[in-house]
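One chain follows as structure tokens, the form predicted on its own.
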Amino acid sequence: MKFNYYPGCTLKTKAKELDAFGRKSLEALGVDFEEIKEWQCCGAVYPVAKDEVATKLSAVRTLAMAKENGGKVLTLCSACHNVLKRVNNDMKTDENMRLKANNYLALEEPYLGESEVIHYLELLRDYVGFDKIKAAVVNPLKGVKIGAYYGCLLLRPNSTMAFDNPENPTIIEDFIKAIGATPVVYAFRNECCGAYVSTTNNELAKKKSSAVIASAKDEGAEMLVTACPLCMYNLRQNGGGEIEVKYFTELLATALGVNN
């Protein structure tokens, strides 16, 4: 099975390490993937206006291209995953959106939401399997207490994302166990860090990100892991620097012995 890999803009600029470690780990695990050719920006934020079509078109193009190559779209950035999956749902369920998007793009074959959007963590859980990952680990992170930071975009809206239980997710904790570390469950792991207001209300962003860090630290976490470049930036810049924050792909690459 081949996966159509959609990196997105940030993974080509400010979050290159999220992408690089992710690719190396996929290769080490024997996952067959190929970057989608001529992909475009997903739009970064899902537009909530019901009649908004134009800003969703680049996502539709990506989904349609993936359809022609098996239909499995693999994402890594939480924001890209959120946008692509929600737009795909629109193309499945909203006849007006589907009609307008297909008319505008003039595709050879109309796109009706046939592709499947899969986050990298879902790939590890549902296609590779955490048991296989555990067996492939050569540098287990024994004794390291790690808090999973989910943030907003992976989990919500649950009716569309269907990623994990939005109130009590476990997928990143299970990943942490698979690489040999100890997961730390804390109250603010699925609360917003304030990243989206960091440029307009930095004090609020600091307050919210500091609350996440304090919550994790109070439960004994020595490190946080995330899949979101926005969260990474905000937790590092506004979280107070009391706990190290890393991308989960870096820890995976370290555990698999390909972190170089």
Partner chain sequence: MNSKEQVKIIKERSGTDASKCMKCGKCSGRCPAYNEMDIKPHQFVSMIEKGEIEKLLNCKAIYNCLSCFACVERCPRNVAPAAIIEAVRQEVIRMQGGNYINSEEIPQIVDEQIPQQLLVSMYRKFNK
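Positions refer to the first chain, counted from 1. No experiment lies behind these values; they were computed from the predicted model shown.
What comes next is about the form predicted together with its partner chain, which is not displayed.
Proximity of residue 148 to its partner chain in the model of the complex falls outside the 4.5 Å heavy atom cutoff. The shortest heavy atom separation between residue 39 and its partner chain in the model of the complex exceeds 4.5 Å. Residue contact with its partner chain in the model of the complex: residue 155 places a heavy atom within 4.5 Å of it.
Among heavy atoms of residue 89, none comes within 4.5 Å of its partner chain in the model of the complex. Here the chain stands by itself, but in the model of the complex one stretch of 186-194, 113-121, 127-135, 100-108, 186-194, has heavy atoms within 4.5 Å of its partner chain. A heavy atom within 4.5 Å of its partner chain in the model of the complex is found for one listed residue only; from 79, 73, 172, 179, this is 79. Along 233-251, a non-hydrogen atom within 4.5 Å of its partner chain in the model of the complex is carried by 233, 237, in order along the sequence.
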